[in-house]
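Have a look below at one chain only, the form predicted on its own, in C-alpha cells format.
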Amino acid sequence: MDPRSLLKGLHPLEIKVLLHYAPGEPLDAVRLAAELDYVEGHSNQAQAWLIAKELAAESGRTSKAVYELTPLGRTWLETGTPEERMVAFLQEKGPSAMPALCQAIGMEQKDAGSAFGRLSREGVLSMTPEKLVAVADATKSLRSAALKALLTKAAGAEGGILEESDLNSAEMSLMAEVAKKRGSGDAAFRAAERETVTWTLAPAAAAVSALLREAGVSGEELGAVTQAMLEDGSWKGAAFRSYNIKSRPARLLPGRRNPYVQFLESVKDKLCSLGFEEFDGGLVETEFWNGDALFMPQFHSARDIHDVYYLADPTKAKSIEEPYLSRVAETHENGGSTGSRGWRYGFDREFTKRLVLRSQGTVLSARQLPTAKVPGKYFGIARCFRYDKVDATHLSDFYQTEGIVLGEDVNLKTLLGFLEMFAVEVAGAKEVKYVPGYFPFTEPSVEVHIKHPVLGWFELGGAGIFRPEVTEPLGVSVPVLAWGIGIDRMALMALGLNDLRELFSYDIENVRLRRALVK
C-alpha cells in the first residue's frame, strides 16, 4: 500500500505515536501514558487503529489479578466493618436481640448473621441462654483488624487498586473472602483480571513517519474551532487538521415516539375532532360487565376457559352494582321489560362476580351506557386479552377501538359511514366490504373486512345496533350504534406491516422506519 494514501486517514493519536517511536520499540498503555500523556482509552484506540492499517502489530499479552476497592469497601473504612460496628454497639449498649441489633446499626439480617458467625468462631461474641448477642472477648477480633488494615492499604493505592503482587499470603487469604468478580455491590473488593498488551510499530511505519515529518504534521493540529478560540483570536496562528469531505458524518438519532403509540394517538385525535368523548376502564372486569350486561348468555362458548383469562386471586368481586344486576338477570331469564323472551335459564349471581381480564372493548361501552348523554358519541381504546393462537393477524393481547353513538335518528346507514371512515381514512384500505355477522348484543350486526396487499382479506372488526336487552336494563331507551374495531389491524395496514408481531418488534431500525410512515 502506498504510504501517502494513509496520511489523510491518520488520527492525531496515531500521528504522535508514529513520530515518537521507531519500528520494533516495545509499546504499551503504561509507556504511552508516561511519555505521551495518553489515558488508557487513547492508547487502546491508537493501537487498534494502527494495527488495522498494518502499521503496527501485537507482540505480547500478559494478565494479572487486581482487586479494586468498591464503594461498600470505602464505606466500611469510614464507618467501620460490620464486625466493628456490631462489637462497638454491644460494648456500649450491652447484650441485644439480633433484630434489635440489626435495626440499631442499620444492617440487614443476613449480613449481621454472617458477621456474628465469624465473630462467634473467633470467640469474640456469644449467644446467651436468653438468645441475646453478647460480647465474650473483644480482644480476639483478629479478622476485623486485618480487614481494616487491608481496606486502608487499598485506599492508599493508586485508584484504590491492589495487585496480587502487593499482597502477602495472609492478605491474599482474606481477600479471597471479601472480593467478588461479579455483583460486587455487596463486597468490599471487586476482583478482576487486568490484561496488558504490548505491541510494536511495523517496518512500514517508518515511511509514513518520514512523510509526516516532510509535511510538517505534528499531531497537535486542531480539529475544530471553539468559541474560546474565536474570542481570544488564538485560531489565527493555530494549525488545523485537513477535513475529509468524503468521510461519513455522525449519525444523528433524535428521540422519537414509538410509531404504534403515535398511530393510537392519531386515532384519538381523529375521533375527538368528530365530537367523540373518550372513556376508559380497568383491565380486570367481572363476568357481569364483560358478558352478562351485553346479553351474552352464561353458557356462551366465549365464556370457556380457552377464550378468557381468569384471575387466580381474588377470583370474584364482592358485589355487582344495583339495580343493573337485577335488571340484567331478569332480562337473561325471561326478557324483563324489553319485550324479549330472554335466554330462558336460571341466571347465576355468583358466576357473574367472577373476575377476568377484559376480553373485548365492548365492556367499556356497557359501563358507559348508564351515564351516557342522549344524543352522545363516545369512544375508547381498550387493551383486551384472549387465549388465541399467535400469528400474523392474531395476538393474545390486542387493542380495540370501541365506540357508541346514541340518538333518536341514528341507524345502520350512519354506522356504515363510521366503519368506512375507519377502514379508508384511518387504516388506509383501498378495498372494503361488509359481511353480515352475529353478536349476542347487536341486531342487526355487520363485520367490516379490508384487503391487505400481502395478507389478503381479513376482518377489521364487528359492529351493529345494541339490542334492547342490552340498553334498557342499563337505562337507555334510544338506538345505540356500537363497534369494536381491531386497531392493531388498522395499524397493520396504515404502517405498511405484514405481521401484527412487528408492532412490538425488538428491531429498533425497523421501528424507526415505520415511524416515517405515520400520518
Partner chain sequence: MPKIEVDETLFFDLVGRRMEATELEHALETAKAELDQWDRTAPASERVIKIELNDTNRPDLWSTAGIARQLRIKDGGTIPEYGFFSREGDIRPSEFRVVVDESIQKLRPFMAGFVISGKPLGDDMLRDAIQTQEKLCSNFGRKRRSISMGMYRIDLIKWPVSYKGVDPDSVSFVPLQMNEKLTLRRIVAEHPKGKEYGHIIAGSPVYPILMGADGGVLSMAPVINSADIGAVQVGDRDLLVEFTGTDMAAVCLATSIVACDFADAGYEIKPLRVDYAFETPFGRSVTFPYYFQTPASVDSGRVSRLLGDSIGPEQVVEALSVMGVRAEAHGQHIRAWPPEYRDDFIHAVDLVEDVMIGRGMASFRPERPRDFTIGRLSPIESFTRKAKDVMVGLGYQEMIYNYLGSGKDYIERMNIPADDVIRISNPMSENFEYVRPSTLPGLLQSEAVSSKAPYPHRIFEAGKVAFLDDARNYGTSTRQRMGFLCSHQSADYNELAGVVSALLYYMGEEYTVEDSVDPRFLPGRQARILIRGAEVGVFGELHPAVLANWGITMPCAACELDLDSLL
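Residue numbers count along the first chain shown, from 1. Computed from a prediction, not measured in an experiment: that's the story for all the values here.
We do not show the form predicted in complex with its partner chain, though everything after this point is about it.
Visitor: So if I measure heavy atom distances to its partner chain in the predicted bound form, which of the stretches 272-280, 67-75, 108-116, 86-94 falls within 4.5 Å?
Guide: It is 272-280 that comes within 4.5 Å of the partner.
Visitor: Is W235 a contact residue for its partner chain in the predicted bound form, using a 4.5 Å heavy atom cut-off?
Guide: No, W235 sits far enough from its partner chain in the predicted bound form that none of its heavy atoms falls within 4.5 Å.
Visitor: Examine S396 and determine whether its closest non-hydrogen atom to its partner chain in the predicted bound form is within 4.5 angstroms.
Guide: Yes, contact at 4.5 Å.
Visitor: Find out whether any non-hydrogen atom of A22 is located within 4.5 angstroms of its partner chain in the predicted bound form, and reply yes or no.
Guide: No, A22 is distant from the partner.
Visitor: Taking the shortest heavy atom distance, is L497 within 4.5 Å of its partner chain in the predicted bound form?
Guide: Heavy-atom contact with its partner chain at 4.5 Å: absent for L497.
Visitor: Exactly one of S218, S340, T200, S126 has a non-hydrogen atom within 4.5 Å of its partner chain in the predicted bound form; which residue is it?
Guide: That would be S340.
Visitor: Between R257, K181, K430, R121, only one gets a heavy atom within 4.5 angstroms of its partner chain in the predicted bound form; which residue is that?
Guide: If I apply the 4.5 Å criterion carefully, the residue I get is R257.
Visitor: If we check its partner chain in the predicted bound form, which of the residues in 445-476 reach within 4.5 angstroms of it by a non-hydrogen atom?
Guide: The stretch 445-476, when checked against its partner chain in the predicted bound form, contributes S445, V446, E447, I465, R467, P468, E469 at the 4.5 Å heavy-atom cut-off.
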